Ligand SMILES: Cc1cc2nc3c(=O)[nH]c(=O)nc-3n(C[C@H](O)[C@H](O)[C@H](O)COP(=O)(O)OP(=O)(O)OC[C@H]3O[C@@H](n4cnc5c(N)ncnc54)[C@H](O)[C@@H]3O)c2cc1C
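Just the one chain here, the form predicted alone, laid out as structure tokens.
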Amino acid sequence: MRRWNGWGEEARDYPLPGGARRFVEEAIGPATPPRDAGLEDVLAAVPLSRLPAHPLIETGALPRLMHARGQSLPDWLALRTGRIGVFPDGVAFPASSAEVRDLIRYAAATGTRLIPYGGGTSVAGHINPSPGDAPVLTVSLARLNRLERFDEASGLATFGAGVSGPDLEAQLRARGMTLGHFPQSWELSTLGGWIATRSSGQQSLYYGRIERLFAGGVIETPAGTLDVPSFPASAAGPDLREIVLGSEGRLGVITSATVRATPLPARETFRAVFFPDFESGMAAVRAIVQARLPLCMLRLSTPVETATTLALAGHARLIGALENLLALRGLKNGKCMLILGYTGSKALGRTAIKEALSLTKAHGGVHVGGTFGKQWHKGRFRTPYLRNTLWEAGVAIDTLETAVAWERVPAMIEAIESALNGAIAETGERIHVFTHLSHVYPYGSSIYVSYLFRLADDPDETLRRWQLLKARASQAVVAQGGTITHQHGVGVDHAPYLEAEKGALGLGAIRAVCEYFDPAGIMNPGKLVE
């Protein structure tokens, strides 16, 4: 059973070891567990639906609650306190493109606003209904989840867009294939959502981001059906896939997508390397990626994130032995951890790992083997469950990300962390900020920043503090010339900063495309662009 007010399945959790609890308390101070609203009370507050009856639409309180919010911190505050505000008036579960077309016609005829819904994992407000007089219909793609066609010779697989990460991989692995797209939200997020928000998987260095994997598909729009065929390559004008990628439900509903699958690798391994400082680690990572070594992942943590990761990991005896080993090699305070991953053939893997480790050694890196890499890989989809545990202890955690050219990376990290540390200084609260480079490219890197802070006694005050933190960090990103989002999409939270990246003319072009496919403005209004 999926949690209605948190992350993931109710049966799964992420208990904090005692040492981890002490670490968090020392970082931000002792916290007070909040008093969350109960499910029955929240269900009782769901208003009557404003939608005319339709055989595909459910208007009961529970499905409307379960589709009312995503996974951003404001969403959590709304759900945990019961102050949700706006609910969808109904939720539809179409099982075909024809039923999606019928729902779009219904919405147009009744003046209804329509929100496409995949896995509900958005952290930028993509799926939240906006206040207004018009009724809101959320369209869940959960029943569009089958493998529709598999081209064995070409490795092209066509899925219903509502297929979740685990289901997609299971259907491909049965044929000896994989998509290799593993965002941290992989357990719950969907193929259509990945495309609509330009998602990036943890092993994108090898498999590529979703724009490389997305070959074509079908999008049902108010103006008609957009069928984007799949070609190995084409010079026939602008690529229509680029219109669909990152469209965030503004054009229509993605009902099926063709993706480029890859044979399952013969070998997959993850190693940990520690550096004496972040500068050495960054130089090594840059050298590796610019050498075009066939790795699947390079994830480099700052000293604070390295210390945080080791503290939260538990395994006191193992961590103690590691600390002693590194100290003997001269790596103490300020050390940084790199997780290095390889995916591919066994023969090429031996060479790639050898060359990568040689480059890390040249920059002062100490290779500690595969134990920590295996632990990271084993728990990588469990980490989001930490949000539930921290919340119940009175601690909020949020993230943000950007990407810049290599020469700007140090200044960007400094600007974001300084902005967060100073954003709510007047409250006397401490913010624990930690950062890593999560996706690297020959010409630059993404920067992924997490931060912890205590929940206030008043939820409105917690929201105010988050708004300040988000605004100051976003302003720092824009001031330093970074993208407002590398992998989380725009939604509503990043929309105020989009013009700084696209320019007025570019933003006008995006609006014009939305208006062409959705002349009446019924598709997910208020998201991406006004």
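Note that the structure is predicted; figures quoted are calculated from it, not measured. Start at 1 with the first residue shown and count on from there.
Although not depicted, the form predicted together with the named molecule is the subject of the following passage.
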| property | result |
| --- | --- |
| Partner-contacting position among Pro94, Pro183, Pro276, Pro303 - heavy atom within 4.5 Å of the named molecule in the predicted complex | Pro183 |
| Answer option from Ile416, Ile127, Ala261, Met297, heavy atom within 4.5 Å of the named molecule in the predicted complex | Ile127 |
| Per-stretch contact check against the named molecule in the predicted complex, the hit in 183-191, 345-353, 265-273, 422-430 (non-hydrogen atom, 4.5 angstroms) | 183-191 |
| Any non-hydrogen atom of Gly249 within 4.5 angstroms of the named molecule in the predicted complex | yes |
| Non-hydrogen atom contact Gly216 with the named molecule in the predicted complex at 4.5 angstroms | no |
| Touches the named molecule in the predicted complex: Arg408 (any heavy atom, 4.5 Å) | no |
| Contact test in the predicted complex: Phe159 vs the named molecule, heavy atoms, 4.5 Å | no |
| Residues of 373-398 having any heavy atom within 4.5 Å of the named molecule in the predicted complex, listed in sequence order | Pro384, Arg387 |
